[in-house]
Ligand code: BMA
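Take a look at this single chain in structure tokens; it is the form predicted alone.
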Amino acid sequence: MPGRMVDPRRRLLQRHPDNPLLTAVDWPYFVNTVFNAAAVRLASGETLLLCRVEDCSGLSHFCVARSADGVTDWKIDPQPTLEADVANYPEERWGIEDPRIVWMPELAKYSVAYTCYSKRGPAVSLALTEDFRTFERLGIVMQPEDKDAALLPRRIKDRWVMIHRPVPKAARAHIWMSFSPDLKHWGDHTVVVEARNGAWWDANKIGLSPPLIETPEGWLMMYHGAKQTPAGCLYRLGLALLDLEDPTTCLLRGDKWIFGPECDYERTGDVSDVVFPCGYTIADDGDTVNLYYGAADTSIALATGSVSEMLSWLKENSHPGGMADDS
């Protein structure tokens, strides 16, 4: 994919003028907030969002919203699409959160990686589906505390690959990669991108945002940095590029954030100063990214960008490797 020249005055991601696209008032049943939606473009061309919905108990479930153009006229399931199954999966007792969808051609199914939550902490669970109406749960695959997970769409050297973010006690939280022969048993855990130290925008805690984008130049990763400030935590988005055939190798890592909370619906909400993408679709041109993100843990918004512009920006605003070099 040829790179585009990037105007340094122009933002890589442009907010849609109709933002926020979806809020609690759009829901067919009473809820507190809707946010952090996984996204996929179906074979029909329809955009499907698997939205995190928090009800008035404070616990979350998933609900599907569909749109022909990915912006307007959303058709929302009249009841929750996927709820916690506490009887069979006690790790979901406090709800299910933050899904990421990946189409798996070898399986002819979609994978849904999500955070299950209980008194033992957040952990990563997996489910498979063909139609987003029935789901085959595979259960917990990464033990607490762990979250921000997604699969790669194909095997690498005969093994499935998962990106995720463990949270060790009293330590920085980095982005890891693990491998499996069967989607159930995982090993060879490897740090891929390390949280920086000090005053950096991505110091101390980072995590995967949407699933990776496969390009001829590598796996394009959008990741979030959660910087602790005197006013609270500030979530912003950055870029990295991983090697296609050895994704544990980070080729480039951006030094600057590319997208952060600015608008009122991003600055104020249940959790202020948060932009948190969990899903994207790619347009017919193979380059335009439609990035769906949670805004202040209260609504779902849309920003658009270009894969080729992001790659060009990375080449101009990055350093090689994913390890922190600021100690």
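Just count from 1 along the sequence shown to find any residue number. Quick caveat: nothing in here was measured; it's all calculated off a predicted structure.
From this point on, the text means the form predicted together with beta-D-mannopyranose (BMA), which you will not see here.
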Tell me, out of V271, L59, A68, I282, which residue has a non-hydrogen atom within 4.5 angstroms of beta-D-mannopyranose (BMA) in the predicted complex.
V271
I need to confirm a contact call. Of E91, D146, E194, D98, which residue comes within 4.5 Å of beta-D-mannopyranose (BMA) in the predicted complex, counting heavy atoms only?
D98
Candidate stretches 39 to 47, 274 to 282, 22 to 30, 260 to 268, one within 4.5 Å of beta-D-mannopyranose (BMA) in the predicted complex by heavy atom
274 to 282
Residues D202, R253 and W313 all lining beta-D-mannopyranose (BMA) in the predicted complex, heavy atom within 4.5 Å
no
Any of the heavy atoms of Y223 lying within 4.5 Å of beta-D-mannopyranose (BMA) in the predicted complex?
no
Since only the chain is shown here, I'm wondering whether Y235 would be in contact with beta-D-mannopyranose (BMA) in the predicted complex (any heavy atom pair within 4.5 Å).
yes
In sequence order, which positions of 37 to 62 have a non-hydrogen atom within 4.5 Å of beta-D-mannopyranose (BMA) in the predicted complex?
R52
